[in-house]
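The chain below stands alone and is given as structure tokens, in the form predicted on its own.
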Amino acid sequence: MHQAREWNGDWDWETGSRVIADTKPWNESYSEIHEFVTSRDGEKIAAVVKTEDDTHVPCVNGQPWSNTFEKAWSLRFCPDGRLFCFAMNDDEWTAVVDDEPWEETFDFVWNPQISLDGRTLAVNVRSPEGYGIALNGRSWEQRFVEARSCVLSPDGLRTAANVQMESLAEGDILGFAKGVWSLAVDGRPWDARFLNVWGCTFSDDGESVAAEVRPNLIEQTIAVDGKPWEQRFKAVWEPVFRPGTRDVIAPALTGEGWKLLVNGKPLWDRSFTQVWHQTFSPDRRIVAAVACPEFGRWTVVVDGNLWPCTFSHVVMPPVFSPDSRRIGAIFRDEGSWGLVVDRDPWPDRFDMIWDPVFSPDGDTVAVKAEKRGKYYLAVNGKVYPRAYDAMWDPQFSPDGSKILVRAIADGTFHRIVLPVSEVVG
């Protein structure tokens, strides 16, 4: 899913700490409290709670919704501040947004996908008619034997899923070999069928869709709008569109090793032991990916050039600064987690670390990190000494001079605005 970048200039950026909610009384009022979530502006904290009559309800800043449910899960805030969850009553599931359930109900719902502006919500659904997707409460008219993904176009207007077109009896390998899988876009399947379909993605304008496909028992390739590439490979990974074009970039296992391809032809004149998670810079000029230059060592490759530092366990997908100048990626090496920015690993290692967040001008990078069960803010390689019991990703002010910290300490949820200069010294 694309990273949300909503406008935050009208948030409260006055420096200092403000108590939003004391969560300790919740323990006295409710027999169960599920995982806490917070709004991106730090003004709300919420959790699904269990009431005295064994119903479940989202509770926001200590106030429960008016609707209660037999079950509720997958609570989260949308980028626009609305609160969403899945809920069940009388064995029927639906989505609920800001205490308003969708009218349509289902046997089950899962896998929520939210648009960048938060206004569009797509989910996988199952009903007696079969599997499909519901977009803002309206489900596909056509249902399928299976639907194993839910992909939302960047503008939030279209949906896609890999779908099984026909039922197969157990052990029907001949039927499977004929191909019963396709890709459905807005509920309409491609004419082409394959043995398998995985990992689809939309173009920027939502007009085209690409996916990994398996046309036969031994080959894989990429299909764009139902048409497979002419080239076939031992394996492929999920494709992406080059922003603003119909060009499709995907990793593929060739006879020379893993290569990053564009429209079936090499993008770079080199191969790797592994390459994937290709990511474009915001200005569309740079391609970064995760690569394995030799077995058991991982790093970042930028426009075909490997970073000199390598790591033993994993490197997560690269993150660009908004101005496209800088790149950061979290890694796991020799049993601990760290962050590498522009080829240079930070000196500190952590029990866990989350994706980096860059300031609008790209000069400052901040992360949420965990050490010995406590959570910390780290900025430009320096760990801020205040420890928290829970914490969420930091947020920068529009001018990059301040950082918003959303954290729980001693059962109290705080909204803290810190000057960057105070953190980095």
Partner chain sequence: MGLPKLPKVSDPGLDETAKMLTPQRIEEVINRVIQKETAARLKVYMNTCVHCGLCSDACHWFLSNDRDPRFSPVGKVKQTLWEILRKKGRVDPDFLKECSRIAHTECNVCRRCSMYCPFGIDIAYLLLLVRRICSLLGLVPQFLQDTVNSHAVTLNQMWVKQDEWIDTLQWQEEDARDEVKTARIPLDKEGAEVFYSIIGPEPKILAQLIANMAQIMTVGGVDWTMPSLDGWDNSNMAMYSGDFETMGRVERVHHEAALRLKCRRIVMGECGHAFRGAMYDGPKWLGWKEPPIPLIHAIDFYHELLTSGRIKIKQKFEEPVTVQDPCNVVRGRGLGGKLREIVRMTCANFTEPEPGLEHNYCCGAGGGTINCGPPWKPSRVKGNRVKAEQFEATGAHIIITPCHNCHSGIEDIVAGYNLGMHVKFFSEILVQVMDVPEDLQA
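Residue numbers count along the first chain shown, from 1. For clarity, every value in this text was computed on a predicted model and none was experimentally measured.
Below, we refer to the form predicted together with the partner chain, which is not included among the displayed structures.
This chain is displayed without the partner chain, yet in the model of the complex the stretch 148 to 156 from 148 to 156, 279 to 287, 94 to 102, 299 to 307 comes within 4.5 Å of it by heavy atoms. Although the partner is absent from the chain shown here, 273, 292 and 332 each have a heavy atom within 4.5 Å of the partner chain in the model of the complex. For the options 386, 382, 44, 50, the residue carrying a heavy atom within 4.5 angstroms of the partner chain in the model of the complex is 50. Between the partner chain and the residues 229, 202, 77, 181, the one pair within 4.5 Å by heavy atoms in the model of the complex involves 181. Looking at residue 192, you'd find every heavy atom of it more than 4.5 angstroms from the partner chain in the model of the complex. Proximity of residue 207 to the partner chain in the model of the complex: non-hydrogen atoms within 4.5 Å are absent; the residue sits far from the partner.
Mapping the unseen interface onto this chain, residue 235 counts among the residues with a heavy atom inside 4.5 Å of the partner chain in the model of the complex. Taking non-hydrogen atoms only, residue 241 never approaches the partner chain to within 4.5 angstroms in the model of the complex. Residues from 211 to 237 that approach the partner chain in the model of the complex with a non-hydrogen atom closer than or equal to 4.5 Å are 212, 214, 217, 218, 220, 234, 235, 236, 237, in the order they occur in the chain.
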